[in-house]
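Take a look at this single chain in structure tokens; it is the form predicted on its own.
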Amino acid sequence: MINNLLEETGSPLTIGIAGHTRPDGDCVGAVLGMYSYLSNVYKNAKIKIFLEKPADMYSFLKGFDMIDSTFAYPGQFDVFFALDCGDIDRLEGAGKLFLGSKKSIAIDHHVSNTGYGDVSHVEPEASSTCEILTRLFEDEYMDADVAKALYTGIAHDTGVFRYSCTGPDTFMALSKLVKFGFDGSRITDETFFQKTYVQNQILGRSLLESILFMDGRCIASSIDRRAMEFYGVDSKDLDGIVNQLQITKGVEVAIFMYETGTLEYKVSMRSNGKVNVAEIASFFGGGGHVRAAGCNMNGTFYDVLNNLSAHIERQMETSQ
């Protein structure tokens, strides 16, 4: 665990920062927040950001235009940070840069984190990686750019402060950030709630074609590649669908999946408390949190659903 982030970082001339593949709000906020913070501390250091291209709605954050999605770098980094990533494999192209650095530091909040890197700082009870960074960052090197990025990440991983992972420490972190005077309401409106017309169309289709099972305690929906091509959407446009399914009355577990290849699906799961979806996702090679997790699975939609259902039903039986 890290007691003092800057002491752990040392005096690097080159710094690398990366997050997990298909970056969500917490990942983007953590990576760009770390970039802004370290830029304030190490003014003469070369800092590189490696990340799969995030959604354009995050383009207001400092460092967005500095993101390198090629994962190409010829040299060795003095220190490399992996943020919000539970498994080194999910760093994808940045994994080799992380392993090849002189010092590697992983900071995360996923309960499924495998504890990789020279230094591993994991707080499973934290709402988000951005919450952790807020505690690790020193006030004198923070500014509005750092605060906006961290606030964005916390807002997204807590469902705008609605999810059960939101605790006293979360609000303590927020109180540290809001004093920098940015428009938090605008951030949540434009990055969490606001959707394009096409995103609303694909959401509507997903809700319309969803199915209830296990006596209404579970709900599932999927989108295949043909539908994605028809609407002209990619994976970033599907964010939030599983959360909308989750708030269906009487539902304990929501499942949303989209086709990534022939008989291949990216699966997202949400739980309202009785089922540990991180445990299920881990069984299938994924991970996440007790109430929010995901994995990749093979088979037809019903094959995937049947495999997941067996684990969900087993947990529901034991929780009664």
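As the structure is a prediction and not an experimental result, all values here were calculated from the model. Each residue number is its position in the shown sequence, starting from 1.
The same protein also exists as the form predicted together with a small molecule; that form is not shown, yet it is the one meant from here on.
**OP:** Please name which of the stretches 45 to 53, 262 to 270, 64 to 72, 30 to 38 has residues with heavy atoms lying within 4.5 Å of the small molecule in the predicted complex.
**Re:** Selected stretch: 262 to 270.
Original post:
Which residue, K103, R90, R217, K176, has a heavy atom that falls within 4.5 Å of the small molecule in the predicted complex?
Top reply: Filtering the options by heavy-atom distance leaves R90.
Original post:
How about N307: is it within 4.5 Å of the small molecule in the predicted complex, going by heavy atoms?
Top reply: Residue-level check for N307: no, no contact with the small molecule.
Original post:
With the cut-off set at 4.5 Å between non-hydrogen atoms, does V275 touch the small molecule in the predicted complex?
Top reply: So V275 does not count as contacting the small molecule.
Original post:
Would I280 count as touching the small molecule in the predicted complex under a 4.5 Å heavy atom rule?
Top reply: Although the small molecule is absent here, I280 would stay clear of it in the predicted complex, with no heavy atoms inside 4.5 Å.
Subject >> Partner contact for H311 in the predicted complex: the small molecule, 4.5 angstroms, heavy atom >> reply: Outside the cut-off, so no.
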